[in-house]
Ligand code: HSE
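Okay, so here's just one chain, in structure tokens, the form predicted on its own.
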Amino acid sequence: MKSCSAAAPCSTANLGPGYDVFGLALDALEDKVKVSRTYPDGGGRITIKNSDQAIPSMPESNSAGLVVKKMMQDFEISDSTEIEVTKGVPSGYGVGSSAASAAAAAMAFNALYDLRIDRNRLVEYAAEGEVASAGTKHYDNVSASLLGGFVICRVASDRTQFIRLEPPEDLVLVVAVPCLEVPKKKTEVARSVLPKMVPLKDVVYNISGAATIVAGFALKDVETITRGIDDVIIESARKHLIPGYDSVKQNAISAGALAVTISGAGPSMIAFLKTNKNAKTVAAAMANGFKDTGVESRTFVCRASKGARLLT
């Protein structure tokens, strides 16, 4: 039985005003996926092997399974395949759990069959896995998880493009993950509360913030990045889904964070710092913010990740 394994990191999406456009890979946690060719010309059967019972065992409902299924169809591969997923990224908390599995699956399958798919197209395959959790393809988390660093997703009718920028070396992130029960398709639920129409002034404000973030990454200037992380459209619509949102944000700023926002669709929150000097203090302050509303949490101090990698 021939097999290949890959690991892909967790990620944060949006970064405030960059809804569905910005992604940032984080080195805090990772998923590992092993793809094995179990039987040649076995009718294209896919088996999911997973020790975590909360992860769907049907390929059509599993982020890694959806990726492999699509790649097998496109490359006309009819072998029987086994996918073993080792979860390190908690599901449903806004840190790219489904994206990590999908990115690792795409990289492992590409290596197993020596398909030599370019990174841009590999991200598109990984995005197939997001249908399992979000109900639709989106690219922010998977592009960051696969490519690493800070990624801008440009999705247009003519082509999909992923622009990667190397983050500043002094960028430090603190992620606070509340211990809450979340819906199985949490991202889909979080998308359902978003407004269908928004004031033009809010659009202009968010565009200026998004542009500032890109400039900050291009200049490798953490302070410029954090000046842009203020969202008046998506965050205001979702913050009521997060118990303790205001306390967590205010506590983090008071403890020395330069900016705080919801990580992806939440309920995790992420703080941005220029140095790790106050990182532990910020982490404790964010945990206390959740605790004030009766919610326990886990916190992680991390930096940007280099992205998915093959395992030997």
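All of these numbers come straight from a predicted model, not from anything done at the bench. Quick note: we count residues from 1 along the sequence shown, nothing fancier.
Although not depicted, the form predicted in complex with the named molecule is the subject of the following passage.
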Self-check item: Listed residue (V35, A252, A265, L26) with a non-hydrogen atom within 4.5 angstroms of the named molecule in the model of the complex
Solution: A265
Quiz item: Heavy atoms within 4.5 Å of the named molecule in the model of the complex: which stretch among 113 to 121, 161 to 169, 135 to 143, 78 to 86?
Solution: 135 to 143
Quiz item: Does the named molecule get within 4.5 angstroms of any non-hydrogen atom of D20 in the model of the complex?
Solution: yes
Exercise. Tell me whether A13, T187 and R191, taken together, all sit within 4.5 Å of the named molecule in the model of the complex, counting heavy atoms only.
Key: yes
Quiz item: in the model of the complex, which residues of 229 to 246 put a heavy atom within 4.5 Å of the named molecule?
Solution: R238
